[in-house]
Every structure is written in C-alpha cells, then in structure tokens.
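What follows is a single chain, given as structure tokens, in the form predicted on its own.
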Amino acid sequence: MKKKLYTISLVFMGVVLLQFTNCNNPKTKIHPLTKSWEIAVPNQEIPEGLSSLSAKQCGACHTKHYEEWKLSTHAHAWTDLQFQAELKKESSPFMCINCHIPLQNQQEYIVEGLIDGDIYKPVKKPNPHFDQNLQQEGINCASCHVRNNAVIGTKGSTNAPHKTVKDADFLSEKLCISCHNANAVITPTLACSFETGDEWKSGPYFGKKNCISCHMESVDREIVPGFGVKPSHYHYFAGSGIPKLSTVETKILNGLAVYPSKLERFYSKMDTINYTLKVINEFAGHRLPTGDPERFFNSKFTIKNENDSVLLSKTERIGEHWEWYPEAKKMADNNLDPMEERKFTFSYHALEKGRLKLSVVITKHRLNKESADYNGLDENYPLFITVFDEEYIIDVK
C-alpha cells in the first residue's frame, strides 16, 4: 500500500512540476480565460441552513420541483452517454463541461488559463471543493439558484431555513441563454453552434415571451408542503422530449403544429391519390429544430397493399447538414423559422384494385444512426421520438 501511495505521489509531483516548468518558462505565455464558455461558476459555499448543494437535499422540502427536475434533460446533462462519448475524443476541449456541470464544485480541476492561448493546453490545478456526487446531478438546483452563500429566488422568503435573496433578473432568460447560445468556431474542425438565444431575439416573440414563459410554465401551488399556495414555475424544462436514457421519461413541448389533409376513403383504379402534410413552427419562439446542429425532423410517408408490401415510400427532412472534416462548416439549413410553414405532398398512382394503407409519421431526432454508431451508442440510447402518427385506409375499386 505504501509503495502504491508513493508511486501516486511521484506522478502527482511530476504533473505539478511540469505545470510549474511550463508556467515559468520565459517563452511560455499564460493567456487568461476570456470567453464565457471557458469559465465555470466559481466554487460556491453551502448556504447557511443547508448541508449540501445537491438537488436531492432541495427535494426534501421542494418535493414537486425535485420530481419535475428529475424528468428533465438538465438532470442528465453530465451522465448523457452521447456527451460522455464526445468528452473521450482527443478533439474535445476542456470548456465543454462548463454547460453540462456549470458549478466549479462539480469539476475536478480549476482551469486558470491557457498556455500560449491553446485551448488544448489548459493550466489546471486540483479543485479542493470537488464533489463527485454533485457532478452526477448535471445542471441541478444550485446551478441556477445558489450564488454568494445564498439561495436566489424570484419572490424572496423570510420563512426559509436558508438564506434567500430575491433576484428575478438573474433568474431570467439571461441565465438560460448563457448556455443555450454558445456559438463559436473553437478550432477548424470543432464548432459550437447553439443559437437558440439569437433565434429568439430575431423572432416575433422577443419582448413578448421568453424561455421561461414557454419552458417553465407558471403554476400556483405549494412551494413547500404546508406553507400555502404561491406563484411558482414548473421545473420539467420541457423541450425536445427525447430522453437521455431509455428508462427515463421526459416532457415534450412540441413547437411544431401539424395539419394533415383529408383523404377520400374510396378511389377508382388509375386514380392518383394525393396527400398533403402542412407543418408550421407555430408555438416555438426559436427555429425548429434548434440547439444541437445534429437534430432533425423526418416526415415519412409509406403506402402499403393489403399484403403489407411497401408500394411507395418518401421521407422529407427538416434540419441542418454539416461537414465536419477537414473543416467544420454548415452545408445546408432548412430549419423552420418561427411561424414559418412548409408543405409536403405525397402522390401515388393506383394501378391495382384493393385495399391500401397510407401511414404518415413525423419523428424528432437527436442524431442519426451513423453518428450514434460512431459514438458507440447502443439501442438503449433513444435517438428519436414520434410526434405525429396517422394511418389511413384506402379502398381502390
């Protein structure tokens, strides 16, 4: 055991010495962190009256909020298998974790600067306040509600067992956009393209509705059981609805409105069967899809005969196309702007008599199967959800 500890100590001393040598090399220049996504929320002290920054402790009193948070993708921001696969890549820089575990308390190292400004050469030191259990909670209650030894709320409270500060401006959409608008070319082959905040600012709902209006709906309820009904917000952070694990349920807030055309039940042989599907970004204040550029919608039309053989199939895609190598660049983009509509038409020429089945399915995807396989994600990792599914019976006489 002593020999093992001695070996670990030598390795640690070697790392420290190497960093010291690099930092004190006259030819080496340490660049400070200047971009918002390069910097974690500084280590936070536990507010008086609490014993932990964990969401689980918050849930002891704020039971509804905690149960809702557990169904959110925020709760799985760190444990997400896709994110963990990305982290293991050599091209993954240190700052990616700052949105997935925002608190410095959740991070094993403190980054103090960049050697010669190189994002792949961070100057790191061990974080004495690192809490591995807290890390597993991803974006938890404290990520948004704890600063400067106090719990921040929108209303304030004199009855709380912990210090509470009222600051509705801090808990506004500004906080959401600090992560949901990370847009930068990090390296030639690495781009962060999350533009939801900019999309909202340039859209029709700016100044009328914000992130909280839609994704944290207002509700009157007991914030703590037994202390009376007060104005509150749901904490599902309803979004794509695609869960991070097959065993986890999430809430969907579907911005896409779907208007299918009507079909006659009976057609004559040699008739052309026409079907139109109209989709509108009717409810979202940003583009659809938004966020990760790998997200997309598929609208699939399939017509089968009575033997269940496919006679004709067609898929329409809404989303971005990127080329990642040798340089990251967007090749195409047909995302829907707020209130934009698009029509897809499916036609089939009936050559035979008999019964036909037309299925129309719209799916919302996190990423495609090829990318999932590349990242080593198995069938237990949900890639999509179904947002519209209709089947029509057609008799051709």
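Being a predicted model, the structure only gives us computed values, none of them experimental. From 1 onward, residues are counted along the sequence shown.
Just so you know, the form predicted together with a small molecule exists too; it's not on screen, but the next bit is about it.
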item: Contact test in the predicted bound form: G203 vs the small molecule, heavy atoms, 4.5 Å; value: no
item: Partner contact for W69 in the predicted bound form: the small molecule, 4.5 angstroms, heavy atom; value: yes
item: Interface membership of E86, the small molecule in the predicted bound form, 4.5 Å heavy atom rule; value: yes
item: Heavy atom of Y267 within 4.5 Å of the small molecule in the predicted bound form; value: no
item: Stretch in contact in the predicted bound form with the small molecule, which is absent here, among 125 to 133, 311 to 319, 99 to 107, 269 to 277 (heavy atoms within 4.5 Å); value: 99 to 107
item: Contact assignment for the small molecule in the predicted bound form, among M216, I115, V248, V258, heavy atom within 4.5 Å; value: M216
